[in-house]
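Coming up is one lone chain in structure tokens, specifically the form predicted on its own.
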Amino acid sequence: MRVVIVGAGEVGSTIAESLAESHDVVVVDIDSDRVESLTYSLDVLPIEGDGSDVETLEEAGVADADMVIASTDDDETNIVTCGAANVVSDAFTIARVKSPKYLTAWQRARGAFGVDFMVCSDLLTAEAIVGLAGLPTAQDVDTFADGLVQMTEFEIPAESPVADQTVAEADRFDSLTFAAIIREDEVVIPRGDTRLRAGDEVVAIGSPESIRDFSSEIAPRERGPEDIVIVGGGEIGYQTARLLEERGFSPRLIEQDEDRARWLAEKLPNTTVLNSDATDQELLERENVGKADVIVAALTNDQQNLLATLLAKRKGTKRAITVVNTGDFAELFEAVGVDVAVSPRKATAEEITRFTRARRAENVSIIEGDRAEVLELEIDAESVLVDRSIRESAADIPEGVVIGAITRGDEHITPRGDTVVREGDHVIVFVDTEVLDEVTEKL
């Protein structure tokens, strides 16, 4: 596949890195230094210029491209780029936008603006935050099969009763499968006698109810959150509060700008909006922020997010989820006390990357920076699984693969050795990246 990526920032570079190995990738950016630096590390064709300009796109060979991905930091530029590409080529176009207003307009008429697929980074980030906020110790959450199945990465705390149990001892749920254990740099496919250790990250696939039950088993002292405080009423903070309201929560939101705080109060009827500075320690004391179950730092400045998070944690807030706009800071933030760092750029890059792979799968979740994937595949007549039990199919499936769940219509089926897979079933399968191509071909 020939892919033209417009924008060589963090999002564009991450996508290029993901695709360069198996596709012809052209990267266009107005900044010559960015383009040049990419060519040192990746096998891509660099083009310096304005990607929204038809002549630049033609220079990039857009007429022969299968896909154009517009991933600059400017929403309008990305939309115009897709529109321009649509005029001079038949390439599939993907636009990254931050503002949900463009997504709302596009959803009313798919294909509008010449955009075939639109990714809204702020909404995507808010959805990730809300998924993580409801599950103590969760590091990543994704849903499959129209919400029937959930994949979650849980970190096992040192004090967890699950630590030092075998998988067989910990597996007490009818609709849950332990798909993998991420142990330092190793991906372990668990067996019944595999022992869970503190610090392990367990990839669990199952019904949302069983995932919540397992979350309670990992950290029984942690109740579901009741008091959630959001710092920053920008688009991510607003969308997070709105989604939490939809799930029955009544969060508190701290916004420093008076006009914005007034607007938020009008838009969010079940949210208590506080017009103040979240780094003001007197405010934190007065509003008992230290007693909150979760703090979400969603300011646009990384350093302010970290400061607000650490102050709240120092006051006693149990869990901190922090937006990190510079992806490289994520690991550092988690090392100094942030429980989960969420990078909008990383989440956007993964969403676009997963969509490029979704042409062979219904849905994809990327695990641990592309070391493994969880795929949702619809079984057809050519699959090695069809009309056979999983035990019978095992010899035709490579190592590093775990079938985590099956859905048949609206029914969730927990896969066991004697489960027979039927044509039309959706299987949610954990796959080590090394055997990805082989698995998608066979399944």
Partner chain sequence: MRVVGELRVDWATSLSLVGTVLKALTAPLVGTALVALWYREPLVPFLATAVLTLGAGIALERLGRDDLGIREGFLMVALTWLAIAVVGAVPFLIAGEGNLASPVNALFESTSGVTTTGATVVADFDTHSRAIHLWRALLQWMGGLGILVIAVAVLSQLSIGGAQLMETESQTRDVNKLTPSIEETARLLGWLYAGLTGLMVATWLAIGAVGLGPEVTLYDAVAHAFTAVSTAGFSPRAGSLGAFSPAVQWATIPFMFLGATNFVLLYHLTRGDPSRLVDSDEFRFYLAVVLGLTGLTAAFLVASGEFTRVERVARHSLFQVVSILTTTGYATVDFNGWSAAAKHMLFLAMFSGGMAGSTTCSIKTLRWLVVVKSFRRDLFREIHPDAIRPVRLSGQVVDEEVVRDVYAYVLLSGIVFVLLTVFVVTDAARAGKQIGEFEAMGASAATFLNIGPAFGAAGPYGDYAWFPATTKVAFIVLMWVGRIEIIPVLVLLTPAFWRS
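In this text, all values refer to a predicted model and were calculated from it rather than measured experimentally. Residue numbers count along the first chain shown, from 1.
Another form, the form predicted together with its partner chain, is not on view; read the next lines as being about it.
Stretch in contact, per heavy atom within 4.5 angstroms of its partner chain in the predicted bound form, of 301-309, 205-213, 120-128, 272-280: Of the options given, it is 272-280.
Check whether residue 366 has any heavy atom within 4.5 Å of a heavy atom of its partner chain in the predicted bound form, and answer yes or no. No, no contact at 4.5 Å.
Proximity of residue 265 to its partner chain in the predicted bound form, heavy atoms at 4.5 Å: Output for residue 265 is yes: heavy atoms within 4.5 Å of its partner chain.
Looking in the predicted bound form, any heavy atom of residue 197 within 4.5 Å of its partner chain? Contact with its partner chain, no.
Interface membership of residue 219, its partner chain in the predicted bound form, 4.5 Å heavy atom rule: Heavy-atom contact with its partner chain at 4.5 Å: absent for residue 219.
Candidate from 116, 235, 287, 227 lying within 4.5 Å of its partner chain in the predicted bound form - any heavy atom: Flagged contact: 287.
Quick one: of 243, 261, 330, 167, which gets a non-hydrogen atom within 4.5 angstroms of its partner chain in the predicted bound form? That would be 261.
Which residues from 178-212 come close to its partner chain in the predicted bound form, meaning a heavy atom within 4.5 Å? Heavy-atom contacts within 4.5 Å come from no residue here.
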